[in-house]
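Okay, so we've got a single protein chain in two different forms coming up as structure tokens, structure 1 first and structure 2 after it.
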Structure 1
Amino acid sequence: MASTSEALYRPLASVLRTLRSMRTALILLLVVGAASVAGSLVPQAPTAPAAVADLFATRPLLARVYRALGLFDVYGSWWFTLTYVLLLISLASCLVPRTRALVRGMRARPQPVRDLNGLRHFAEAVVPAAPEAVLARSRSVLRRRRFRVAATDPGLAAEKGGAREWGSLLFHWSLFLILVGAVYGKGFGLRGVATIVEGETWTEAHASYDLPPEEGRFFTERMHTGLQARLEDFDATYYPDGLPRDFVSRVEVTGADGGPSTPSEIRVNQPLSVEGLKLFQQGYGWAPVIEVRHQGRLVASGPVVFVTDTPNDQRRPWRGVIKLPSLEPQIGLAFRLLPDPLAGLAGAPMLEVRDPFLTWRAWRGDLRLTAAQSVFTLDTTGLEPWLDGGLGLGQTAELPGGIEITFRDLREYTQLLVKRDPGTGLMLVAAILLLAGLVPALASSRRRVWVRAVGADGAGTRLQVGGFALQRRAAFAEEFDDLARELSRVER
């Protein structure tokens, strides 16, 4: 048994030893850096699926190579995770012994040196005072210069610049914390997009997001809050030249426990924090309220979410569809909305509602609802165009077969990014600590000085000062001369 455990232990120990070296940590950090470069140059499936598909279509061989190497999802690939974990282990195993040494070093006294003359900087003088008096004075001079002083057998040992080491450790531990916090926040995190039309209420739950939300590996169904958000009003304001100025969603938020609701505003750059979730203003659009009747019976009613293909250009109409699979033959209605037709026809952006106009085109045939499809477009492969027309607000179009389309109302909808990231606070604290450690770690310089005072042959004392610096050594030469001069000056 002993031999087996030893056989296991040896390679493990050597792996640990490798991981513990600063070089390994640095190389791992550089690998993370290089991987992220790859991730910025190769399209990433989670953020740009269209670009990935495009690459498969245009350069299939290259795309297959990328896929084999996991380059389409660098940040989610097994080798990125592995490098990340190894970096964490390496960093920790670098830092633990250094932290222990620092704690021990705080209690330990500075070491004496046998031969001051052998130090890089050395000065000597005979001072007309008793050795004890010289040492006492030296101690106060060094303390005033913020040295940590300890008595050694024939003199004093002093050092300063300890902030370099504790600052460096604080910096690296904070970095460790940031790496951990990122994983923690993502693991227990949630991220999804919610669309709410004015006057409607949205309930936070897995199924109520536009698309299934991204949920972290450790996220469980119980972490959904069930909070309710009712959109009272959405407002978009623009500069005179049509550039967006501000977007505001006024929402009424009610907790899952049904407590009193609170009105809040969500703006760009001003998210709403509630029940561990953060709600961000992400998008907006038009939602005309359209009713469709078939022989007097209501077959579709309510706001229809319209989309635009040119979010930065409000001169184009918005589009949306209604699918009526219950009719025989099936009917699909494709709409285009001009919120401000006069402006639109003049080629100006349509930023306000003024006599909104809806054009429609009806298609007949097979909607092909058995195939996966978008709610914003019609799959026209099984359809043939039937009729078209236009509608002002409040107007009704009558189609053959007793079909009536009514444009009841025009509302806006808001699109909110809903996010839960329990690691954010930790990250902020770690980032502040990181800076708090980085500045002293880089700015302070370590110096060591030894002083020795022995009775000279005559009445005075032979004073010896030696020292060296570990950083900013050129500057220390002057500092040391100044110190030596001050130490050998005697007050009478």
Structure 2
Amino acid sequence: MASTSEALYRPLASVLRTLRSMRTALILLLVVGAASVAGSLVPQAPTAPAAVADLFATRPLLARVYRALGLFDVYGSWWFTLTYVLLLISLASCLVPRTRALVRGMRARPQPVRDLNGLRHFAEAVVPAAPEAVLARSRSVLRRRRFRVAATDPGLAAEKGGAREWGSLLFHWSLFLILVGAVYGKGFGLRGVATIVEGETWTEAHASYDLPPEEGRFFTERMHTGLQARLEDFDATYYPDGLPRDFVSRVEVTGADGGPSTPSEIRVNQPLSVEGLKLFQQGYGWAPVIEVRHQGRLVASGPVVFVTDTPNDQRRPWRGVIKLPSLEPQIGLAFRLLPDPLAGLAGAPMLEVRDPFLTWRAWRGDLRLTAAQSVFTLDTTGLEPWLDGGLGLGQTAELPGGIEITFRDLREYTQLLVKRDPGTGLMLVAAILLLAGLVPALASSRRRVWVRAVGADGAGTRLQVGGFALQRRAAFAEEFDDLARELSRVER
């Protein structure tokens, strides 16, 4: 039984010794960094499945190599998780003993040295004063130079530069906390896009996002807040060339507990923080209210989100789609919106709403809605072009078969980036501590000095000074000479 335990202990002890090496921690950190670069360059299946499918279609051999290496889901792969866990264990294994040793070292008194002549830096002088006065003056000088001084027999031992060790330790602990905060934030985080039309209310839930949100590995449905945001108004201002100057969403936010709503504004670079979420202003656009009836029966009604291929170019029309699978045959309507037709026809930016105009084109056939397709485009494959026309605000177009299309209203919508990252606070504190530790780690150096004062053969005291530096040894030579001269100038 003992031999079995010993056989298990030896390899485990060997692994722990390897992990306690700072070299091992650096290698693991390099691997994590390289994996992060790969995760940024290679499309990831959880966030970009279409790009992964396209890579399999265009470069199948490379895609198979990526799949074999687990590069299509780097952050969810077993090897990345194992490397990250080993990195945290390695850093903790290095830092905990180092912290304990530093605490013990700071509590202990500076140790004496028997032979000062053997030190790298040594100076000797005869001072015309009593040994007690020499040591008292030396203690004062060393403390003024920020040395930690302890009495020895027959002299003093002093050291300084402990701030360097504390700063270095604080720097590495901060790096450890940043890695922990990144795991915590990503594991329990959320990232999604929400589109809200003026006058409508959006509820924070999984199904309410435009696309399935990116949720952390440990994120659960219960972590959705359920808060509601109603877009009261959206306002955009532009430069004369049509580029957006500023756009702001004015929302009424209501918590999941149903308390009173809070009016808020969301601007570019001025997100709204509420219930652990941050709402960033990301995009905007037009949402015409279109009503479609078939033989008097309402088949489609409400604001339709329109998009543009060039969001910053206000010269281009906006496009939108309505699909009517309940009709026989099925009908797809593709729209183009000109908020200001005269400016659009002249090639000028359409910065204001003046007599908005909708052009439409109807297609008939199988819409193939069982296949994956965008809600913003109409796949006309296999469809038959039917009719087209145009509509002004408030107008109705009548199609054969009792179909009516009415342009009821024109609203704006806002697109918000919703993020939840609970590790942000921890990473912010760690980053501040990292900078706070970096300053003393770079600005200070460890020095040790010993002073010995014994009576000379004649009158006075024989003063011996020795010391060495643990860092910046070349610079210590001049510093030591200056210290020795000051100590030898002890007053009588």
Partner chain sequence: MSDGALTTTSNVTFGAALMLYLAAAVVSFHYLAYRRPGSLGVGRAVALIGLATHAISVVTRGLAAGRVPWGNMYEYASVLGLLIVGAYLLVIERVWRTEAVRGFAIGAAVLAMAGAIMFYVPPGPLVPALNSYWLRIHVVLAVLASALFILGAVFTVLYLVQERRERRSTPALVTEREPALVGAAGERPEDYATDQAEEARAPARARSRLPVAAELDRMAYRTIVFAFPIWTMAVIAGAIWAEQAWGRYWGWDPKEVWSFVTWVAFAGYLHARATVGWRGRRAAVLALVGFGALVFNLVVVNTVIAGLHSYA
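Think of the rigid core as the biggest set of C-alphas that the two forms share within 1.5 Å after superposition. Keep in mind that this is a model prediction, so the values were computed, not measured. Throughout, residue numbering runs from 1 along the sequence of structure 1.
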Structure identified as the form predicted in complex with its partner chain: 1
State the hinge position among Gly394, Arg100, Ser140, Asp257 for the rotation of one rigid part relative to another between structures 1 and 2. Arg100
Whole-degree angle by which the smaller rigid part turns once the larger is superposed between structures 1 and 2: 6
Rigid core superposed, I'd like the Cα shift of Leu61 between structures 1 and 2 in Å. 4.0
